[in-house]
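Coming up is one lone chain in C-alpha cells, specifically the form predicted alone.
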C-alpha cells in the first residue's frame, strides 16, 4: 500500500507540538514490576497444578498424559462425547507426537479425521464447520488464566478452534508459563531475533462463554461448547 505525503504530515504534526519529530523510542525501565512476581520461581509441576485449578473455574476438562498414551487419551475424549468427525492442526508436531499414525489407525476404526491443509483452501473451513472436535497445539500456555496461545499459521487455521462443538488443546508441559507477561516476552524476543511471528496470535481460555449484567454465566454462546486440555509430559 502506498501512503502519500506521510513524512510531510508527520513533520508538520511534530512542529505543531513544538518539538522535533521522533523516529524511534526506547522501552522504559520501570523500577517496580509486580507482574514479574506472579508465580515467581514456580517449576513446571507447580504451574501444572495452577493450570488444573484454573480449569475448574473456566469449565474446562484437564487431562495429563504422556506422548505414548496421547492416542488413547484422544480416543477417550472423542468416545466420551460421541465424536466421529475431527479436524486437526497439521505441521511438524503431528510427527513429533506420533499423531499421523494415531490418526490413520482411528480412520481405520471409523473416525473421520481431517488434517488442516492450506492446499485445500475453503474445504478446511467447511470441514471444521461439520466437525465435532477441533484439535490444536498450544504454543504458550498461561497457568494463571488457563489460556492456550496459538500461533495461527498455514498448518493451524483459526477455524479449528472456533467452529467445532468441542475444542481440544494438546499442551506440551514445557509450554507452561505463569501468565500473559511471559507470553508477550516470548513473542517480543522472537521478533528481536528476526524469527517470523504469526500475523494472528489467538489467546483462548476454555469454551466460549458470556455473562449478563447480573453475572449469570452462559457457556457455549459463540463458539465451542466444551473444552478439553490434554497436557503431555514432554520433559
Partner chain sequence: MSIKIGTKTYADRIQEGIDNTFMRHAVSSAQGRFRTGRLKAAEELGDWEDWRTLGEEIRTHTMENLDYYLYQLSEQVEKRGGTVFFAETAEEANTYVQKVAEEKQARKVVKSKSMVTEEIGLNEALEKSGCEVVESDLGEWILQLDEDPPSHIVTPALHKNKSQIRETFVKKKGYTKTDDPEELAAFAREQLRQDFLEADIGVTGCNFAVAESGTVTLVTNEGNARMVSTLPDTQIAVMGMERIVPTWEELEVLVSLLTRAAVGQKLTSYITSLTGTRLENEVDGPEDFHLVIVDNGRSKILGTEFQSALHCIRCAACINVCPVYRHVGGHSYNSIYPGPIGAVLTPLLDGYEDHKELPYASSLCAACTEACPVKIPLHEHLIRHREIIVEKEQKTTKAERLAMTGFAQWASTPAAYKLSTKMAGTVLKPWTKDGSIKNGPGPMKAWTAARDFPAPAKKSFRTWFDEREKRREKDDRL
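Take the two forms, superpose them, and find the largest set of C-alpha atoms that agree within 1.5 Å; that set is the rigid core. Positions refer to the first chain, counted from 1. What you are looking at is a predicted structure, and each value in this text was computed from that prediction instead of being measured.
The same protein also exists as the form predicted together with its partner chain; that form is not shown, yet it is the one meant from here on.
Enquirer: Could you tell me if all three of 102, 127 and 175 have a heavy atom no more than 4.5 Å from its partner chain in the predicted complex?
Expert: No, because 102, 127 and 175 lack any heavy atom that approaches its partner chain to within 4.5 Å in the predicted complex.
Enquirer: Test of understanding: in the predicted complex, would residue 50 fall inside 4.5 Å of its partner chain by heavy atoms?
Expert: Answer yes; at least one heavy atom of residue 50 falls within 4.5 Å of its partner chain in the predicted complex.
Enquirer: Counting only non-hydrogen atoms and a 4.5 angstroms cut-off, does residue 154 reach its partner chain in the predicted complex?
Expert: Output for residue 154 is yes: heavy atoms within 4.5 Å of its partner chain.
Enquirer: Can you tell me if residue 204 lies within 4.5 angstroms of its partner chain in the predicted complex, counting non-hydrogen atoms only?
Expert: Yes, contact at 4.5 Å.
Enquirer: Consider residue 159 of the chain shown here, and say whether it contacts its partner chain in the predicted complex, taking contact as heavy atoms within 4.5 Å.
Expert: So residue 159 counts as contacting its partner chain.
Enquirer: Just one stretch in 106 to 114, 93 to 101, 143 to 151, 80 to 88 has heavy atoms within 4.5 Å of its partner chain in the predicted complex, so which one is it?
Expert: In the other structure, the partner sits against 143 to 151.
Enquirer: Where, within 207 to 235, is there a heavy atom within 4.5 Å of its partner chain in the predicted complex? Residue list please.
Expert: In sequence order, 207, 208, 209, 210, 211, 212, 213, 214, 215, 216, 217, 218, 219, 221, 222, 223, 224, 225 come within 4.5 Å of the partner.
Enquirer: Tell me whether residue 30 is among the residues that move between the shown form and the other one (Cα shift of 2 angstroms or more, core superposed).
Expert: After core superposition, the C-alpha of residue 30 moves 2 Å or more between the shown form and the other one.
Enquirer: For residue 53, is the C-alpha shift between the shown form and the other one 2 Å or more after core superposition?
Expert: No, because once the rigid core is superposed, the C-alpha of residue 53 moves less than 2 Å between the shown form and the other one.
Enquirer: Core superposed first: is there a CA shift of 2 Å or greater at residue 43 between the shown form and the other one?
Expert: Residue 43: C-alpha displaced by less than 2 Å between the shown form and the other one.
Enquirer: With a change of at least 3 Å, which way does the C-alpha separation between residue 165 and residue 213 go in the predicted complex: closer or farther?
Expert: They are closer; the C-alpha distance drops by 3 Å or more in the predicted complex.
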